[in-house]
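Just the one chain here, laid out as structure tokens, in the form predicted on its own.
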């Protein structure tokens, strides 16, 4: 519990981690979703710091974005405009969805103290030309990171960073598997917080704490009897009130296809002579995320297989409000889960939500239908 509480405390107060890192003399780079090459930041001796928005009301950001834009962008930009992220040395912003394509320009227009590192990767990411384009862009970003760090970054340092990140990915998956059979010890909110803490702290330290929690859980008897098993899918499920509703209805998350949680952890970077090429090759392999080109909707087949392997009673599709890629994905994914006779419920969330009455009613009815 000490290790789990440490992770939860970091998640509850990430600004303290940011301040502590800066006070120690370490430079910090903000990392926006999705799939930025943060291993390059780590290799340069700087701290990658995740920016996935926050539960807050956005006001100033509406000068730059209309109200009907994903709240992750709205609230992240809001924090930047209010000076809450001025301790960052830069922020990485990818162009992986239509809304993110304007984020860099909006940030540069409104946030004067934190420069932008634009992250581009190939849309057609699996073909040889796409992989080479992504590699070239990552090398370009490496040069920008070196300028901020004030030193060069060797391929050996990148390889060491890749090893640390690969170990962290394995630790996340092992923890998730252990938490799936121990809902009495690790609530849905605890599970999310333990994974989320890695966005704000040194990845090697995160791995150590996660492994400690996982080892202790594996020594305990399972406590999942009487719980409904669900798989979650979506961009982000970091909504404490929603997770409390899941716990209240005696549901346990046995696996996830959440971009903020396990999607990124499922794919390790292969060993290669050119570590940056290996990072591009990994991006080509990732499936299960709506912002990556997925013409055959492998996301749906992956989700069905995941639910079957986990023995899930149902799937919770957590739709981020105003996220067009997720909305487009829902219909084909729903058809696939229906064909496999796996019940799926869609609920919509927003980081600016204050009333969870509708999701609560929907989840309660879904739980009753599964029992």
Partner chain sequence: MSDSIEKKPAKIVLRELQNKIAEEAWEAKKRGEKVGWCASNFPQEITTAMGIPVVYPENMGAAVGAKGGGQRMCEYAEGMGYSGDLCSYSRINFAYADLKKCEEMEIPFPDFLLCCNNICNCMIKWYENLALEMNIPLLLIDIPHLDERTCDEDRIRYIRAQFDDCIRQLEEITGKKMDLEKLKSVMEVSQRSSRAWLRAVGYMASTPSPFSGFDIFNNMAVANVGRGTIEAAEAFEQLADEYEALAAKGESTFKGEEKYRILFEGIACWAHLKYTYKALQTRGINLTATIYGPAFSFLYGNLDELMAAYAYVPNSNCFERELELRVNDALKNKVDGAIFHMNRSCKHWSGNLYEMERRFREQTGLPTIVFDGDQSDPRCFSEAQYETRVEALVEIMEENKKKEVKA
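Residue numbers count along the first chain shown, from 1. Owing to the predicted nature of the structure, the values given are computational and were not obtained by experimental measurement.
Another form exists, predicted together with its partner chain; not displayed. Remarks below refer to it.
Which listed residue (177, 140, 266, 250) meets the criterion of a heavy atom within 4.5 Å of its partner chain in the predicted complex? Among 177, 140, 266, 250, a heavy atom within 4.5 Å of its partner chain in the predicted complex occurs only for 140.
To verify the annotation, which of these, 49, 52, 42, 322, has a non-hydrogen atom within 4.5 Å of its partner chain in the predicted complex? None of the others qualify; the residue that does is 322.
Looking in the predicted complex, is its partner chain within 4.5 angstroms of a heavy atom from every one of 194, 317 and 369? Not one of the three qualifies.
Is there any non-hydrogen atom of residue 105 lying within 4.5 Å of its partner chain in the predicted complex? Heavy-atom contact with its partner chain at 4.5 Å: present for residue 105.
Quick check on residue 83: any heavy atom within 4.5 Å of its partner chain in the predicted complex? No, residue 83 sits far enough from its partner chain in the predicted complex that none of its heavy atoms falls within 4.5 Å.
At the 4.5 Å heavy atom threshold, is residue 35 in contact with its partner chain in the predicted complex? Residue 35 lies outside the contact set for its partner chain.
Taking the shortest heavy atom distance, is residue 57 within 4.5 Å of its partner chain in the predicted complex? Because no heavy atom of residue 57 falls inside 4.5 Å of its partner chain in the predicted complex, the answer is no.
Counting only non-hydrogen atoms, choose the one of 251 to 259, 216 to 224, 167 to 175, 132 to 140 that falls within 4.5 Å of its partner chain in the predicted complex. Looking at the partner contacts, the answer comes out as 132 to 140.
In the predicted complex, residues of 278 to 294 near its partner chain [heavy atom within 4.5 Å]: Residues within 4.5 Å: 290, 292, 293, 294.
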